[in-house]
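One chain is shown next in structure tokens, namely the form predicted alone.
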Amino acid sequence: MKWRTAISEVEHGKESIRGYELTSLMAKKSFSDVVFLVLRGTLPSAAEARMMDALLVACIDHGIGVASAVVSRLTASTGNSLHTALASGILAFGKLHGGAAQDAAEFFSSQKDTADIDVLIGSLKEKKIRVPGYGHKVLLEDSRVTALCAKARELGFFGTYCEFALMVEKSLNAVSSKKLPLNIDGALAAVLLDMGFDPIQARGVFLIGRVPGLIAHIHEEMTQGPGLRRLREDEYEYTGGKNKKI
């Protein structure tokens, strides 16, 4: 059985992406234009191109303290290659870091027609089900979200899903004991859904945007780091038993 693809073709010394000659794309289009093309199958409009740029920039890095950066740098410090350290950082993404964009997109897609959001959120709280795309370890309000929503309004992509995401935020914070802001995963998911992307692609866009940041962290660790990293004795506490007899 033949494998089938509509993404790219290499034939007679020429390569095409979604039917467009690669060298022509190199000459006339930006990287984010071609990211949009390869994911969606069509070149972006001017507004889509500007929104895609903003989405990728919003994801590029979020400090040295996040799990993916920590894991990437730890792996680099042990003498591994750049691509090994990068892979380890990507594997650190999960439901609570980086991976929530897809979960949030799936939640928004399945619940956007909910008649009473307050009842929905109350039911989820009662069942102790976490709503993906909300909350932040450090920030009470995520400036990236504010900027993305403003850009989406400006470019005409602040639609049903963005409105729903903000209504969920309001409802969550009415019943939560701590501030739960719409975070970058949730905002990314809402904007991408309003642009016509699907939930799986939402996670993919986040990963595409974050890879340059991880590479920068890995390079910094390799060239300026202290060498092999490990926890100091005062950074952890042993809680097991002592002096056990065999």
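Please read these numbers as outputs of a predicted model, since none were measured by experiment. Only the largest set of C-alpha atoms that superpose within 1.5 Å between the two forms is called the rigid core. The first residue of the shown sequence is 1; numbering continues from there.
Just so you know, the form predicted together with another copy of the chain exists too; it's not on screen, but the next bit is about it.
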Quick one: is M26 in contact with another copy of the chain in the predicted complex, heavy atoms, 4.5 Å cut-off? yes
Any of the heavy atoms of L148 lying within 4.5 Å of another copy of the chain in the predicted complex? yes
I'd like to know whether D113 contacts another copy of the chain in the predicted complex, with contact meaning heavy atoms within 4.5 angstroms. no
I'd like to check something about S171: if you look in the predicted complex, is any of its heavy atoms closer than or equal to 4.5 Å to a heavy atom of another copy of the chain? no
Segment assignment from 83-91, 120-128, 104-112, 162-170: heavy atom within 4.5 Å of another copy of the chain in the predicted complex: 83-91
Does anything in 38-71 come within 4.5 Å of another copy of the chain in the predicted complex by heavy atoms, and if so which residues, in order? V38, L39, G41, L43, D53, A54, L56, V57, A58, I60, D61, H62, G63, I64, G65, V66, A67, V70, V71
Using a rigid core superposition, assess whether E11 undergoes a CA shift of 2 Å or more between this form and the one not shown. no
